[in-house]
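Okay, here we've got a single chain as structure tokens, the form predicted alone, with questions on binding and movement later.
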């Protein structure tokens, strides 16, 4: 089917952009009060939708087919196009070489990209784990170093990939929950040695595992007490003793490479211990408090893409003397899907705005950070001399202390709750709609050339990674019963959107 020639369906990638206010009219009030915030989100949506429509969508089926034959296939031309637009470093402040995109901007990008292909979206938008992990750890010199590395690589057109290694053969979602960790049996272990740690063991089902230049790994120092001894390590993939296994053959999301990681006496110096033993679970929970919601938005995108493909098929499919889409029962079925998509979309947008308002993203808008970005020239901000100054004992920890005052343990657990709601809603929606569309349209629609069956294959794993939806539901229920004492502070308006 010639997707580009069909302009009769103003839905998804081929609808007009921006449509943020049309989707959520209540944002009109926010746009009046904080025009720059919403205007930039609209600009981000326009760019992301155009890229997804013109670059991703036309090639995703070909990529899927090539990856089915060779799991290690990677479309480097597509990556270079994304890199040239800085889409892989979008959250980095403009003054430091990025796009300065907010959580809302990034959420809109994720929705557009995943509507075309979740696997390709992972290769671009999900490759910000390095910056996210550094912001969560937030030692001043580490954050500056990670940003410099990512910006320099982007300018040199050099790929830099990150992976976040939690899952193990005998412990998957257990590593994301304090209660479950009391009974987990880790297959990785970090032993204290002079100047750092020696790591041994295996991680599995790691996104970007075969591509990663750097790994953020959560590993206990005492396998009998993983919760009390879990630590977070920053590990370059060229470290002696580190290796990646074969790239997994998967049902869906084939464009995103997943692999085992092996550690054999890998030495990690103290400077690369991002969280000491006992603090690793907090680091994990803080990252999850952000990423779970984005996985839900990814599920939303998959659902939207399946409906878009289904609508186009129904417009072109003739039955008797009319199109399939002209049948009222078909229109009602699609209306139900669109209703559910719009409902989850509002939840995702709300979550992203909340991240900008209360979570780690607001650090970019605090007075010290804004002043530094405004006063210091880019050359100095990205210099090794500034990193060296920031590595001094007093200055190194000042960012961590400052961030922890803004983002408390209680706030993290609230956002685990908020993010889990979006994650479960979005990924369950993806599985439900990608199943309903072919049920509605019939067996012929499941031909690979229409892309509907690809959406179906891509959807299921979103219910499993970033914590299974069962574990997410436990977090939702536990927080609902025990909301804690940390209240959302609405007395201090967010500086970014003023």
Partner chain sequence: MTEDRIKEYNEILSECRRFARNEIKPGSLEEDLNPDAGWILGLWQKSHKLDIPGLMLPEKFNGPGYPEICSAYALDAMAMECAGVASFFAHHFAACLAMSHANDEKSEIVHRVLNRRRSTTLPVATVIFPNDSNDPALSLHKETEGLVINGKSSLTANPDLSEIYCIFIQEDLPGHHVSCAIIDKSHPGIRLGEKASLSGLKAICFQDVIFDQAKISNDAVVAAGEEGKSLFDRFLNVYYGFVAAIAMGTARTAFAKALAYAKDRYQFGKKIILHQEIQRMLGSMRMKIDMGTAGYIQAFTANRVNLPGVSADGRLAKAFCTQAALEIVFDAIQIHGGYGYMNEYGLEKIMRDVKILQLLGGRNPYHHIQIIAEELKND
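Predicted, not measured: the structure shown is a model, and the values here were computed from it. Positions refer to the first chain, counted from 1.
Although not depicted, the form predicted together with its partner chain is the subject of the following passage.
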**OP:** Would you check, heavy atoms only and a 4.5 Å threshold, whether residue 307 touches its partner chain in the predicted bound form?
**Re:** no
Original post:
So in the predicted bound form, does any heavy atom of residue 171 sit within 4.5 Å of its partner chain?
Top reply: yes
**OP:** Mark residue 456 yes when one of its heavy atoms lies within 4.5 Å of a heavy atom of its partner chain in the predicted bound form, and no otherwise.
**Re:** yes
Subject >> Touches its partner chain in the predicted bound form: residue 317 (any heavy atom, 4.5 Å) >> reply: yes
Subject >> Stretch in contact in the predicted bound form with its partner chain, which is absent here, among 121-129, 87-95, 181-189, 390-398 (heavy atoms within 4.5 Å) >> reply: 181-189
Original post:
Taking 204, 447 and 468 as the candidate spot, are all three within 4.5 angstroms of its partner chain in the predicted bound form by heavy atoms?
Top reply: yes
Subject >> Contact residue in the predicted bound form, from 158, 264, 246, 339 (heavy atom within 4.5 Å of its partner chain) >> reply: 246
Original post:
Using a 4.5 Å cut on heavy atoms, which of 70, 54, 439, 62 is close to its partner chain in the predicted bound form?
Top reply: 439
